[in-house]
Structure formats: structure tokens, C-alpha cells
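In C-alpha cells, the next block holds one chain alone, the form predicted alone.
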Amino acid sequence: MLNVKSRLEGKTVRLSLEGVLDISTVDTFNSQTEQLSGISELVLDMAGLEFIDSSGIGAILQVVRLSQERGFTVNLENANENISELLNTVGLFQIIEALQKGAN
């Protein structure tokens, strides 16, 4: 199960993720991110995220691509050690950093 709480802070949207981001819950995540526009930043707060699989990583990559099209940045915050290590291993942090440097 995935619970996504959305909060608008000026031109920043903060999505707090709680639970599991996997093939069974990725649609819940996508429904929150597909409608993003007119913002300058998206913060994915992963403090409550317990698990992520390749489908979840793919969904985050999709948001990164969307951010390039719509002109906002993506920041990942508060990932636990296991999730942070996984995202680092697959190169997600490096991809986000490279794309956002290229956009500036």
C-alpha cells in the first residue's frame, strides 16, 4: 500500500510517500505526478517509504523526464539507508543531477 500526501508550498509541491512504491502501487504515484505543471520544484519526501522496486524507480524516472518537459526540478529527500543505497546503485541521483545541471 502507498499513501501519497501532497502539499503546495509556494511554487514547490511536496509529495510525502508512505509505504511501498512497487508495481502494485505505482499507479497511485503516477496519478499524483502526471498533473504537475506550473511549479518550480517537486520534492519527493521518502521518509515514510519502506520499499521501492524497479517499477517505482521507473516511475521516478518518468517524473524526472516530465520535469524536463515542464521546467521544474526534482529533489529526493529523507530516503532511508537501504533505499538511498539502491537509488545510488542504479544511478538515479546522478541522472537527476546531470539533467538539472544541463537545464541551467
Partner chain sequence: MPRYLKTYIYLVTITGMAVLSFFLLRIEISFLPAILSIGIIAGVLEKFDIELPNGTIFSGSTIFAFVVMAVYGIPEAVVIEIIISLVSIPLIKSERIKFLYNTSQYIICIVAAGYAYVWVGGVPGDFHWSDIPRLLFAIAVDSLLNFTLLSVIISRLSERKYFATWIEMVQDGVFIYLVSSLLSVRLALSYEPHDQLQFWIEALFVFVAFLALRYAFALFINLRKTYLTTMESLTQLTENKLSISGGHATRVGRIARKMAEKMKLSQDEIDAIHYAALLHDLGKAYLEEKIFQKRGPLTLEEEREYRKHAEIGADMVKEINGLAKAAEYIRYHHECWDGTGFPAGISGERIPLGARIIAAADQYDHIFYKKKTPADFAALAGTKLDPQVVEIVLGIADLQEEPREMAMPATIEEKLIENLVISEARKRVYQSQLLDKFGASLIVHYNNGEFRNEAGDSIDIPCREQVITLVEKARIQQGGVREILEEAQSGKIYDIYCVPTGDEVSVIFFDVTDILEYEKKQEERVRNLYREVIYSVTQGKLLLVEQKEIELLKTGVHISSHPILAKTDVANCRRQVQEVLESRPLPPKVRYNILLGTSEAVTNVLKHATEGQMSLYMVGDLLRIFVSDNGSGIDLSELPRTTLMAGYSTKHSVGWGFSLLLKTMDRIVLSTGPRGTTIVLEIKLVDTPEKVVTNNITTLKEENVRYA
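In this text, all values refer to a predicted model and were calculated from it rather than measured experimentally. Residue numbers count along the first chain shown, from 1.
The form predicted in complex with the partner chain is left out here; the points below concern that form.
For the three marked residues, Val20, Ile23 and Phe93, a heavy atom of each sits within 4.5 Å of the partner chain in the model of the complex. The partner chain is not drawn, but in the model of the complex it has a heavy atom within 4.5 Å of Asn75. In the model of the complex, the partner chain lies farther than 4.5 Å from every heavy atom of Gln68.
Contact annotation: Ile52 falls within 4.5 Å of the partner chain in the model of the complex, judged by heavy atom distances. Remark: Leu61 counts among the residues lining the partner chain in the model of the complex, judged by a heavy atom distance of 4.5 Å or less.
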